[in-house]
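The chain below stands alone, shown as structure tokens; this is the form predicted on its own.
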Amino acid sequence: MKKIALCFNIHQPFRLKRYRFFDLGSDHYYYDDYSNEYNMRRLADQTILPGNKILSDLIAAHKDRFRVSFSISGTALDQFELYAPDVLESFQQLAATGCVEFLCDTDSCSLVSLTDRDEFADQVKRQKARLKNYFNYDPEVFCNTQMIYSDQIGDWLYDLGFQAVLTEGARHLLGWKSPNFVYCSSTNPRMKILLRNYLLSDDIGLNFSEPQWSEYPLTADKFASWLRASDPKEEDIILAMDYNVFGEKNSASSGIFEFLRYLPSAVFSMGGMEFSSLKNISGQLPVGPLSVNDPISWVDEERDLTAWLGNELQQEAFQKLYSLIPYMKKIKDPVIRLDWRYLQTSNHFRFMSTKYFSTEKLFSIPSPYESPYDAFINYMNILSDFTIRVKAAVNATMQKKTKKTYEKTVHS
């Protein structure tokens, strides 16, 4: 029985307000509240609430024959609480069915897995705790920011207790191999690697509303027939995409919600296929190892990191941000730590990308800036102010410790 996995990604960054150089030292609030609330409510009303209603109906109709997985970033969860508590409630209702799986990510959808093991572990542990708190769910499969993965990241994840990771079935990684099998890490055979079938996923995510596409229009029956026509020896097909494929990238009038509603029935009518969680798929024996020396992602034809770290602007911002890690380890101030989380979100670096026109279609969140340079200047102004605050807080902490040590010495 071939296993079909539907996996949806939901992420919203905390967008930054326009921050001038002259604001340094006087304005420590960095966020565009209006834009964040507007975009969260739009995503809620156009995508999440109608999509979750359909998923709830499908689970009621098909019981545990239908399963779906979600990867929800920590910043999206924060915005659910702030701006869309009805969305949070709808996910809690889905979680209660037992037919919905939640994948773990870094807490702030960051790029920290590329730089610091301890900070990465802290963010993963926080996200696990949040999924437990919100949905009473203990995630066993990891899906990193933008599906970034390498052998090193896999080793770190195994040490954190994960048995499987979802990443991109990149052509240059697989060569002649198929993404429709379970693989294992070449450095740790106990770490399972699950691969997104990007061709079939993108037929829904990128091509559904394209009249020029040779297969337009895409119906649930046609798509189910493609799934059924895959090599019978292949064990699974993982379809992963941004959730805003439904209602935002493809408007409701395109028929995208009807496609989702009728896909399970179409799949079941073909026979030989079932819907599965990624946790269940990861229980299969791997067919062989995959070696991923250089990090891959699910973005661009290159499936690499250049959308976030491909130019000198991005690299400078990245290096300056993470140079603060030694300082942040000494800080407990909740406001500073919250800003630390939100400034790490990968979108801030993507907005600086000079690969703008090649990547824009593939990203679910468009840039709010007129140019990558504007994005860089705005971010660096904020980061400069944040750096001043961080170092001042560390100095104040050290002075308090020194004073206590002195007083203790005098009194003794």
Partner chain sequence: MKVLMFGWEFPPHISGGLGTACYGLTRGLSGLSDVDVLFVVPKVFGDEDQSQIRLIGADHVPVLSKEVHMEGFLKSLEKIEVGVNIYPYIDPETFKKFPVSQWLENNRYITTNTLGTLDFKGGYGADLLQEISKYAIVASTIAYENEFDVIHAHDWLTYPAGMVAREISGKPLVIHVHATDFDRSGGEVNPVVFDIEKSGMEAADQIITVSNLTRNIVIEKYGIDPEKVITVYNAVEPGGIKDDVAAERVLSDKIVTFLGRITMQKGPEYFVEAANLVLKKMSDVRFVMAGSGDMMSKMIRRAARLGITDRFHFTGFLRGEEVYKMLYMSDVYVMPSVSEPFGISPLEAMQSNFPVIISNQSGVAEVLRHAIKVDFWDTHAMADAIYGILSYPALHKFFSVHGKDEVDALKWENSAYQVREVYYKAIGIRK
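Given the structure is predicted, the values throughout are model-derived calculations rather than measurements. Positions refer to the first chain, counted from 1.
Quick note: we don't show the form predicted together with its partner chain, though the next part is all about it.
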Tell me, yes or no, whether Leu313 is in contact with its partner chain in the model of the complex, where a contact means a heavy atom of each within 4.5 Å.
yes
Interface membership of Tyr373, its partner chain in the model of the complex, 4.5 Å heavy atom rule:
yes
Determine whether any heavy atom of Lys320 comes within 4.5 Å of a heavy atom of its partner chain in the model of the complex, and answer yes or no.
yes
Please determine whether Ala396 contacts its partner chain in the model of the complex, using a 4.5 Å cut-off between heavy atoms.
no
Please name which of the stretches 64 to 72, 373 to 381, 49 to 57, 33 to 41 has residues with heavy atoms lying within 4.5 Å of its partner chain in the model of the complex.
373 to 381
Checked 17 to 33 against its partner chain in the model of the complex; residues with a heavy atom within 4.5 Å, sequence order, are Arg20, Phe21, Phe22, Leu24, Gly25, Ser26
